[in-house]
Every structure is written in C-alpha cells, then in structure tokens.
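Coming up is one lone chain in structure tokens, specifically the form predicted on its own.
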C-alpha cells in the first residue's frame, strides 16, 4: 500500500497555487482536492489557476477553500480546466507567468500533468527561481522515474469494460475485432488491457509485429476451435492504424471490425486506486514545497512517494517490461 511521507518542516511559504495542464486524466480533481485541503491544514492559502499555463499568462486565478473542493474526489476531468499553451515555449512568457504569481503573493506552484507540463515547469523554475513541483497526471503512464501516474488505472479499467462487451458481439458473430486504445508512443495501456482482456494479439509502439504474424495468431485460434478474436492496438503516432491493419488483414482473407475507444478512456469517475494515488501525491507535493523543495516531481517507487528532479525524468524513456510483453504472447497462444 502506498504510504504518505512525514513532513515536519516549518516553511515561510504561506500561499501556493495549483494548475492542471495537457490532457485531462481521471483523478486530477482528487489531486486538486488534496492540495487544497492539506495546504489549508498547513496554514496556507491556495489558489487555482484556470486553464493551465494559459491561465498563468491571462491572470485567471481563483482562491480555493474546503467548500470549493467538496464532492470533487469522485468526479472525472478537472475543476480547473486544462489547455495546451504554445506561448509557454518562449522564455519571455514564462517570465511573465512567474511575475503574475508573485504579484498575487503566491510563493509556490504545483503542476499536475505529463511530460509537456513538467518540461514547462522545469524551464520556468530554472529561469525564474520560482518554486514548482509536479504531480504526474496522465493516462498513458509513460513518465520515467514513477511506477504509476494518476488516471492510468481508470483508463485501463474503462478499456477492459469495453473489451468485455465487444467480445460478446465478436463471439456472437464469429468476428475479429481490432480494439484501438490510446498510446501515441507508449503501449502501457494496450499491454495491460490485452492481458486483462484476454486478447489474442496486442500491437505496441515498442515492438513491431508483421501482418503475417498476426494472421498466424488468428489461425492458431481457429485451429483450437475459436471463432472470434480480439486484437488490442495502441493508436500510435499516426491516425488510422487500426483501419490500415484491418485492410491488410483483408488481403490475407480475414475480415475484421474496428472499434476505436478514443477519449472515452479519459473521462468517467476515477477508480479508488486513482483517487488514493492522487490524494497522496497531491498532499505530498504540498509537503515538499513547504520543505523548500523545487523543480522536481513527486512519484511512486516501490510503494513509496519519492521526489525526482525534473532533469532526471527527461534523461530517459519509460520502457515496457519485456517480460510482460513475452508473457502476453504466451498467454494468448
């Protein structure tokens, strides 16, 4: 079980802000709630920045209290809204954002999001000295130096529920279904869903698989008496991957249907796992800020909350365990 660190420091920091940036992830609201309520108990005022980094530039901030985050833990999406702010690629705008925070008397910032969110936070903190900590919130679970990210568990369970329903139809009509899940360059969702859903094949960005190999997998199932197959596909960087695979399979005599789950994986009520994870990481970010830590992410390693410098995260790419990929193939054979 994930544990919560002890924080005994007494910081001069008395006002902090929180924002969500990039793609939304189930559990972001739970993290916001934890940041607000834990911050208040530590004697801090807490502000919410609306629409991510765009809100920093536009000075869109609201003060939050216990009532502001009531009945929030179970809600998907993000109370504070989110946006992708291209202006933040320029140094002058990062400087403006830091000054806007200082003008309001805000002394620390918590950013909830993924790699892009952390890259912007790192540059702003490095250039301006403003204290910033990151909380990993992304359904892709592709951030290095943390074993888990807010929203991943919910996205996997949403996809599993869909596959269980699709399998009923696939079985009833003796069909092959290609079920496409999110994952531009990361196959964490696809692999988990394929294993949990008993898929016959999984298509991952990390490991190439040929059409003839997919056909052999289908044929082995037919020889065992199977009349339907589920193939899980990580969407990949280019749209339409599942449709291209379906067309290629047709050339080998295998007719298939494509089901793209898309943004249904982002929405919905977060699982208990994501609610607890978000609560612990959100409160931990406040604790570390008050301990005068900055330019880093709070993550999870071996069921412990850890503090990882942003620069350490950017140096490596989080890799799928090859042993799980191999096991998925064995179980599907």
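Positions refer to the first chain, counted from 1. This structure is a prediction, so every number in the text was calculated from the model and none was measured.
Omitted from view is the form predicted in complex with a small molecule, to which the following refers.
For the small molecule in the model of the complex, the listed stretch (87-95, 222-230, 158-166, 138-146) containing residues with heavy atoms inside 4.5 Å is 138-146. Contact annotation: of the candidates 251, 207, 216, 263, the single residue with a non-hydrogen atom within 4.5 angstroms of the small molecule in the model of the complex is 263.
The single contact residue among 106, 199, 182, 120, judged by any heavy atom lying within 4.5 Å of the small molecule in the model of the complex, is 182. When contacts are judged by a 4.5 Å heavy atom cut-off, residue 235 counts as touching the small molecule in the model of the complex.
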